[in-house]
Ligand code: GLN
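In structure tokens, the next block holds one chain alone, the form predicted alone.
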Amino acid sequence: MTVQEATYYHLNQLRTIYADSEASQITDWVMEKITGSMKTERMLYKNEPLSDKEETLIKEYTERLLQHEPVQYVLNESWFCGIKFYVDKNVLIPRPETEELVGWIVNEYKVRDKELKIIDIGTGSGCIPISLKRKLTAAEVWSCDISTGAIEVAKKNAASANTTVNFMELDFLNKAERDKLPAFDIIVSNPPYIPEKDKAQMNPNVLNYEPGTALFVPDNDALIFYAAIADFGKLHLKENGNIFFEIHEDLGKAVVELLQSKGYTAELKKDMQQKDRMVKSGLV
């Protein structure tokens, strides 16, 4: 199988479940991963044969993708804020909306000379704290997650990005555990916020592969993490500190009202898709 034949084989297989543009993009990522060459380079040797190992990989990746497994898990990589992160089924795939949350924090604090203390709650792959540390280099960055697997992935990514983040495995909903943490200038979180009832409307590539503990909350308590973080902030948010949240697009008003009821200001911000997606909050 030549490089060109492998490309067409993979593309035509993916077209059975993906739109042409998405199938083409995934095929490009897969071929770049397998050959180590960009698309323009591959065109120069399109008639060269794949090695036996490369041909085995293309078939393996194709089969997994046809089962709706996300390409990021198949390739074990995802880009976020210009950094390549290792990802597997222990962590959520980083989203562009979360890049906007990081960008908001950086824009708010980039002109400050003082050292900041930051904590990210529910770190997953570590994309938020690692990206913040890369942008706000003087900051002391902490991060926590309930998942042992997630912490292992986050530590691996921090090492690859040559960043220092204090990772802790803890159950943030357990007040006794979270109260052991110190005070912070910035608290940031993209917590679970999808009600269980929404599972029926979700795509199989998310529902069947991404970790449910990082996605879902009870239907009768969709704001459980926002309430816990707000309570934590009353004791652990430094003077003039801020909390930054990513939120469910349908829960903006509810999150704002919750925060205001607990003595916080709340600024709701839309993402590039004009959906309510972020909140900045501080104690009154």
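So that there is no doubt, residue numbering starts at 1 and follows the sequence shown. Keep in mind that this is a model prediction, so the values were computed, not measured.
The following text describes the form predicted in complex with the ligand, which does not appear among the structures shown.
Name the single residue among I151, I118, L92, L75 that comes within 4.5 Å of the ligand in the model of the complex, judging by heavy atoms. Only one listed residue qualifies here, and that residue is L92.
Of A214, A158, I186, V71, which one comes within 4.5 Å of the ligand in the model of the complex, counting heavy atoms only? So the residue touching the ligand in the model of the complex, by this definition, is A214.
Only one of these stretches, 164 to 172, 197 to 205, 93 to 101, 134 to 142, has heavy atoms within 4.5 Å of the ligand in the model of the complex; which one is it? Correct option: 93 to 101.
How about I130 - does it come within 4.5 Å of the ligand in the model of the complex, if we only consider non-hydrogen atoms? Output for I130 is no: heavy atoms all beyond 4.5 Å of the ligand.
Just to make sure I understand: among 1 to 21, which residues lie within 4.5 Å of the ligand in the model of the complex, judging by heavy atoms? The stretch does not touch the partner at all.
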